[in-house]
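Here's a solo chain for you in structure tokens, the form predicted on its own.
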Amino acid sequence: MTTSRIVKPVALAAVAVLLALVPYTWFPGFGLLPDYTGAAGSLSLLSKVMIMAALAVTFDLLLGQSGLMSFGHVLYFGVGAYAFAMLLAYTSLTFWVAAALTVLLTAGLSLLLSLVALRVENIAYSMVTLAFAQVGAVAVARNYFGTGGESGLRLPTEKIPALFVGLQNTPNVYWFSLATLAVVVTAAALVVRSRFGLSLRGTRDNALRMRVLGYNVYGLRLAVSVVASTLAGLCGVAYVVTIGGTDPDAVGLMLALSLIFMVVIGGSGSLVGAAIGGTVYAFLDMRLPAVGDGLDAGSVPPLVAHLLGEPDLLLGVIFLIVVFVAPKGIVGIAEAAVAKVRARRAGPLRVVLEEDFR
């Protein structure tokens, strides 16, 4: 039973509509959000969460759909962020032209690097992609090409459209992030549902058999790498718009490992699962420290207080629990629950059919 049969496109469209209406609501955050749902702080947080969910979906095209364990996927997210910010800061290009050019640059870089990385497989491929990512991280940290170093690079306000500037326009930034998520999910879904996506899953499950059948495994992997990386670059552009500048952590090893966390806890091989995993991770990563700081000393056991104060440690514990208890992730748990419900509903019907047959 596939996730697409459980979560229908109509349901996803309904979720998108509900998310689009969030800026018009005023519900309590219940600790998950810093304020009411329609407040600027909550919308800003939700914008970042949606970008991380979209980024997780792009990574699932590699890990979940193609079986490619890339540690360098974060590089293209960082390229999207930094190339866009640098084009605005150091050239006369307009906002939308810079965004379009950034996506094209990300696609081109992905093609060049993937041509090299995909010459090897398995752990060697992972190490090559990690090396590429580390080169990017060093370039950012040492302020090569005007990246801003550890301080990052702020977007020039005069280059940003007025609808994205100021607290009063936070809903517009939120909708921009939502649109990015919708574009990424739609593009990824078109890939997965196509014959190309079926071929990718074949290479994931048995690359040797696909080669024997006459498929160009190298070409398939190259194509999906470029698609996934280009979409990651788009996420990088949206992320910069959301936070108003670049973040050196956007090309760091921690984010690369976090992508694996997102896909695994959500459900590897499921776009919906990857989006859910990205959402869960982003919420925990950004809200756990705030929740821990808001607790009174002595109101919770010391162990709980320590875990809340160390979100990375708590996330690591959650990761281990999911791997051992629910290896198919959150979506796997949901699929199992739906299967049980359907089996119970079908049980009496089977009895009636058997009695009629007799």
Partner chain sequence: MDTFFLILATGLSVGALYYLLASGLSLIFGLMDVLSFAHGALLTFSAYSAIMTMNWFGAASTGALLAAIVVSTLVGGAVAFLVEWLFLRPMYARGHLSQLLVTMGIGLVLIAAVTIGFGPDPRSMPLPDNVSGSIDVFGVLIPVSALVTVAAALLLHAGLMAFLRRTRHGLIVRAGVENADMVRGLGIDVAKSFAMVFTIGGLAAGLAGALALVYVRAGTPHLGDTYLIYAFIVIVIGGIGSLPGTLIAAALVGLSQQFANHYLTGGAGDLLVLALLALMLLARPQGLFGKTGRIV
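Not measured: the values here are computed from a predicted model. Residue numbers count along the first chain shown, from 1.
Here the subject shifts to the form predicted in complex with the partner chain, a form of this protein not shown in this document.
- With a 4.5 Å cutoff on heavy atoms, Phe196 does not count as touching the partner chain in the predicted complex; it lies far away.
- Taking the partner from the other structure, the partner chain in the predicted complex has no heavy atom within 4.5 Å of any heavy atom of Asp35.
- Proximity of Arg211 to the partner chain in the predicted complex: non-hydrogen atoms within 4.5 Å are absent; the residue sits far from the partner.
- A residue is said to contact a partner when one of its heavy atoms sits within 4.5 Å of a partner heavy atom; Val331 fails this definition for the partner chain in the predicted complex, lying far away.
- This chain appears without its partner; in the predicted complex, the one residue of Pro289, Gly41, Gly31, Gly316 with a heavy atom within 4.5 Å of the partner chain is Gly316.
- The stretch among 180-188, 151-159, 129-137, 91-99 whose residues place heavy atoms within 4.5 Å of the partner chain in the predicted complex is 129-137.
- Within 4.5 Å of the partner chain in the predicted complex, a heavy atom is found for every one of Met69, Val116 and Pro327.
- Heavy atoms closer than or equal to 4.5 Å to the partner chain in the predicted complex belong, across 103-127, to the residues Val116, Arg119, Val120, Glu121, Asn122, Ile123, Ala124, Met127, ordered by sequence position.
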